[in-house]
Ligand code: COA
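In structure tokens, one chain follows: the form predicted alone.
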Amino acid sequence: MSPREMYQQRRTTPAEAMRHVRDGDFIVVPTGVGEPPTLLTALSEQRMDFRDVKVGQILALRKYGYIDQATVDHVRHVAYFFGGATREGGQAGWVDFIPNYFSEIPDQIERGLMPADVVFSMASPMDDQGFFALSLGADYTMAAVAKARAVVLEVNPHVPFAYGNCRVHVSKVAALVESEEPVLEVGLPKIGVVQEAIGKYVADMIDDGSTLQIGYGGIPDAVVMQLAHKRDLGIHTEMIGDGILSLVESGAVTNRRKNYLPGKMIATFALGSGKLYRYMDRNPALEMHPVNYTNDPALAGMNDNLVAINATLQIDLLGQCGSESLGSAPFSGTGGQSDFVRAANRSKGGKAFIVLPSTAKGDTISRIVPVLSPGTHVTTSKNDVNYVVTEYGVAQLRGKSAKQRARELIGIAHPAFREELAAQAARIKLL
């Protein structure tokens, strides 16, 4: 049977595609815009017909009907990382959570530690050889495709056909549905004066020829805005977004000086505009790979001069970062922060930056604290953190004693809190 004949045989309606889901199944969905809206809408509409079905995903972007406290016995969301659509449910306890390092999710799926009975994913149109590209989220989805009983794809002409290990052959697919709505676009975060100041400190420490990993958020994008004058930057990251695209367009990113995978940008998921998705289509300069390839600290750390830029919510005077919860209330997840901090530490000439505004709630709360708030989920350990940057400067921690770290961090805290932080540090014997 030819690929085109197999395609027609598997083509079906969204409602019919739900027949591949059984009670008790765990459905794996890609990160962010890789989530298939037509399939998840059909699942939502039929959720009362199922029992104990779970949907696992990093960063759900849309609150589909199944994300509903009243029907969790039928279909329940399980977050690998909370986003706006799932945070409220996570904090209330009816959206479940699996702690993880992003880089290790594929291995946990392969070993059966994290289930994967069915895959729902967006996909590009099929090529002549019968392959679809899961270009918007190769992440852990490729591992789930290899493990799942049923792979159900939502084929959309606006999904780019990317290069890299992100392709699935039609013979591995149980059902196909078609949609033509534009892929969800996610704009750049707002950047204020504080973010711009932090971005300048970081940008000034990035040398020409560095390879970048850039997380999502106002501060990482403020760094990007101030790198257009740099030369021969490379990209080895988890997320490709419009900020990185702007550096390509400015000529700052060439990937020429990368010693690991030279000439190639490497990422595992996309989050941006239609312009970005069009740029990704059949572009030999970009490859989308599973996250155990992009985020593995040993592999990413093979890039010399790897710069990792990630944000945190709170940091204590030893350097422990609470990047994913507000006290015990979950906010996001570990994601790839720890992966790339460790990768940059392994890299020859690498630099790992943790960035945060010095205060919150209108300068009434210091984000630099003597000890983390009770219940805080520690994301990046004191042993891994190196550069910490606020709008008041840069603290370099690796190799420093506990007392030296406390002094460094107090020095970049908001001036209104420095005296109090010093007194509290003395009480807990850090000063």
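Start at 1 and count along the sequence shown; that's the residue number. Because the structure is a prediction, the values reported are computed rather than measured.
Same protein, other form: the form predicted together with the ligand, not shown, and the subject of what follows.
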In contact with the ligand in the predicted complex (heavy atoms, 4.5 Å), from 112-120, 335-343, 165-173, 88-96, is stretch 335-343
Spell it out for me: taking the ligand in the predicted complex, does every residue among 215, 312 and 365 have a heavy atom no farther than 4.5 Å from it?
yes
Candidate from 285, 326, 318, 78 lying within 4.5 Å of the ligand in the predicted complex - any heavy atom
326
Between 293, 331, 161, 260, only one gets a heavy atom within 4.5 angstroms of the ligand in the predicted complex; which residue is that?
331
Heavy atom to heavy atom, is residue 360 within 4.5 Å of the ligand in the predicted complex?
yes
So which residues in 221-238, when you check the ligand in the predicted complex, have a heavy atom no farther than 4.5 Å from it?
238
